[in-house]
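Heads up, the chain below is alone and in the form predicted on its own; it's given as structure tokens.
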Amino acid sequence: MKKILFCGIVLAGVTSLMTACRDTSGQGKKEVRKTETVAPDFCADSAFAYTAAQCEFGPRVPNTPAHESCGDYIVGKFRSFGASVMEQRASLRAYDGTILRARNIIASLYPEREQRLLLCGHWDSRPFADNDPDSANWRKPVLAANDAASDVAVMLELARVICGQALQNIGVDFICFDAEDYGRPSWEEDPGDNGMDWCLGSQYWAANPHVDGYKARFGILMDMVGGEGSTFSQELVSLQYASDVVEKVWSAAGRLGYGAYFPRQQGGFLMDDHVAVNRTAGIPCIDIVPYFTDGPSSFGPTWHTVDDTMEHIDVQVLKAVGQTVLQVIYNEDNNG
């Protein structure tokens, strides 16, 4: 996605895991409070490889062979890290009446534990490059390296790390939402539905959770978390529903030396997967999503264009997001 409801200041080589992980932060020595648990290392090279592996399937547009094959890849990767995986399949109606064979992929670590964290992102590709500067590309599908192979890649690396250094008190659920990016294209008249034709997979899950009465302490949605030049301002729906979670994440980023990637400024008010998680599922959930103050889009120059390719994925951005979220997870676990 994402639809801006309003903006402004308001208040194989690649499929095998890379084991030699370089320090990509460029931020110098981490500064972590002595009372704080230090999380294990998030390998940005691995996340980069997982991003590329998804792109090798081509655009993952629902109802295509690439979509089905990539879904199988994601399921297999999570299972290889010891996660219990279930698939929530549903037939969802798109804005134009197309029935999408959607597939929410839910991977759980320590599914028996009552106390849980929710980490999520979408895995489908947009069928239209309708923000491309060349109108000849508007009806081409987007390869979606950043939006959203990077989201899944960070979740996969988080699962791999947690598999290697066990959590003691909490369980984690990773949800890869489908049918997020099949919203009405820009050449269609906006019917004024506040973007409800987007984020179909998360809307379905929020109304039909994979576990009856499912609850989590909080959720973190990651969307477009690998694009070069990205910084992550504090999105306004997140501040409205989960300001304390925003503070957890932005404080952790600052302590780790990633404050430049997580500036303490407000971004846009977005229709994204976290809206249904907050409003329907009742789980406080934030959105880590880029906010550009210049250029053709507040989501960056490659958003919904044919240029959303691996050439524009930055391992330093993947590292900043992944290490920050990992720090939040392990400190939440330390709190019991």
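Quick caveat, the model's predicted, so the values are computed rather than measured. Numbers for residues come from their place in the sequence shown, where the first is 1.
Below, we refer to the form predicted in complex with a small molecule, which is not included among the displayed structures.
J.: Answer with one of 258, 78, 232, 198: the residue that has a non-hydrogen atom within 4.5 Å of the small molecule in the predicted bound form.
T.: By the 4.5 Å heavy-atom cutoff, the listed residue in contact is 198.
J.: Considering 154, 144, 179, 224, which brings a non-hydrogen atom within 4.5 Å of the small molecule in the predicted bound form?
T.: Only one option qualifies, and that one is 224.
J.: May I ask you to state whether residue 48 is within 4.5 Å of the small molecule in the predicted bound form, using heavy atom distances?
T.: No, residue 48 stays farther than 4.5 Å from the small molecule in the predicted bound form.
J.: Counting only non-hydrogen atoms and a 4.5 angstroms cut-off, does residue 44 reach the small molecule in the predicted bound form?
T.: Residue 44 lies outside the contact set for the small molecule.
J.: I'd like to know if residue 270 sits close to the small molecule in the predicted bound form, meaning any non-hydrogen atom pair within 4.5 angstroms.
T.: Residue 270: yes, in contact with the small molecule in the predicted bound form.
J.: Can you check whether residue 304 is within 4.5 Å of the small molecule in the predicted bound form, heavy atom basis?
T.: Residue-level check for residue 304: yes, a contact with the small molecule.
J.: Tell me the stretch among 242-250, 204-212, 180-188, 91-99 that has any heavy atom within 4.5 angstroms of the small molecule in the predicted bound form.
T.: Of the options, only 180-188 has residues within 4.5 Å of the partner.
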